[in-house]
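Single chain ahead, written as structure tokens, the form predicted on its own.
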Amino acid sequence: MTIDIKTATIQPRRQTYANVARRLGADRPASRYEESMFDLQATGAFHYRPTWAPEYDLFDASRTAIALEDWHVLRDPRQFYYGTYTIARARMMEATEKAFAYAEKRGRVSGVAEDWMTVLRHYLLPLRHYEWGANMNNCNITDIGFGSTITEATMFATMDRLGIAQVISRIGLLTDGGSGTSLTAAKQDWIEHPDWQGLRHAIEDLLVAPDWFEVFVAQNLVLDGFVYPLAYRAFDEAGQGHGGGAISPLTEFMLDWFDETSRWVDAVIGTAARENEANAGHLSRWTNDWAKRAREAVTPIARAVLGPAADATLDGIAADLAVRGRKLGLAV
């Protein structure tokens, strides 16, 4: 008896879901990111308007001054959906966990000079409250924003900010032997110390800002554009001569995250600015207004840490942010 083994090719009737095929064409296979992102935004006739904002629909594109013909153009160049996002963050956290394990095992933090440890606690640990504010701001964008491409990504950013706050908290616990006294003191600094009141005021104003796209620009482009280069680059470099190099591996997550996330933030803002002149005008105005406020907000803490070098450092950070904005088509 002879057995012939043959293969048969079965052609699928279509390569992807119908809503994605209408955008990309029926013959083009879609990526998992595209299938997870297109047309998830609820639209149409809703049963009622929100009682807390009856002038809007439940999901309403008019909640921002930015106008787009198709809100799905605000795509994420990282192509994050749940699977790729969790894999990327797991890899980053694996490196962070190793850094913490090494610091604890070898007692690396004990090598930081006492005078610099005081400075470190003052400039770094209150940032856990900045991150919590950023968490809430991105969560608010996820809530009232329009278009699943942007709200999916801001939800990921929401969880990122919570994770960064936890990393900062762990650093604080590492410096005080797990007692938590450093975190209690950092909270008081955030609430009461003059160095932090400008930044706290800015964050709290954003919590109630009516235009969610302005919140996106102010938080993710401008404030982060000042805080991250200042705290995790300039302050970190200033501490190298005081044993602060032991802390550098523990904050590497923040630098890697900022560089990666900036690609997404730039893609969103640049795409919106190119859509029409009105968008570019709004985005430019928000960037300029918040850049001025952000610099004023971080100046006290910069001078407390860097002394006479603070103003030159802030000039460089502001110049870098201006170059970044101009590349996105903004008049900054």
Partner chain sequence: MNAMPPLQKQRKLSLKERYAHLTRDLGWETTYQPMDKVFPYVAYEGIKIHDWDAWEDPFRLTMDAYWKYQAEKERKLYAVIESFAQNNGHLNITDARYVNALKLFLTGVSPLEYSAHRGYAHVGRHFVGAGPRIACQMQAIDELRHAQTQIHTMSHYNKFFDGLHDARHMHDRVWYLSVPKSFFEDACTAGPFEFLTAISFSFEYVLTNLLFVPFMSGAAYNGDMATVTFGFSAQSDEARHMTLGLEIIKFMLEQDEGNVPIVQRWIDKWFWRGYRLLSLVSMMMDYMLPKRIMSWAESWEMYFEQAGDALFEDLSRYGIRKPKYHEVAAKEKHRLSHEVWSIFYNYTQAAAFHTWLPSEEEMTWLSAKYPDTFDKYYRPRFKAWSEMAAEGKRFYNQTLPQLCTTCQIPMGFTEPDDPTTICFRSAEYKGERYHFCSDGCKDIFCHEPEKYVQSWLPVHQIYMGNCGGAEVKDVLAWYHLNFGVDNFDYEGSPDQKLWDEWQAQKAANPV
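Residue numbers count along the first chain shown, from 1. All values derive from a computational prediction rather than experimental measurement.
There is another form of this protein, the form predicted in complex with the partner chain, and it is not shown here; the text below is about that form.
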{"query": "Proximity to the partner chain in the model of the complex, single hit among R233, H242, R78, H193 (heavy atom within 4.5 Å)", "finding": "H193"}
{"query": "The single option of R274, R263, K292, R49 touching the partner chain in the model of the complex, heavy atom within 4.5 Å", "finding": "R49"}
{"query": "The partner chain contact at T313 in the model of the complex, heavy atom, 4.5 Å", "finding": "no"}
{"query": "4.5 angstroms heavy atom contact with the partner chain in the model of the complex for I203", "finding": "yes"}
{"query": "Any non-hydrogen atom of V73 within 4.5 angstroms of the partner chain in the model of the complex", "finding": "no"}
{"query": "Residue contact check: Q41 to the partner chain in the model of the complex, 4.5 Å heavy atom", "finding": "yes"}
{"query": "Interface residues of 125 to 139 toward the partner chain, as seen in the model of the complex [heavy atoms, 4.5 Å]", "finding": "R128, H129, W132, G133, N135, M136, C139"}
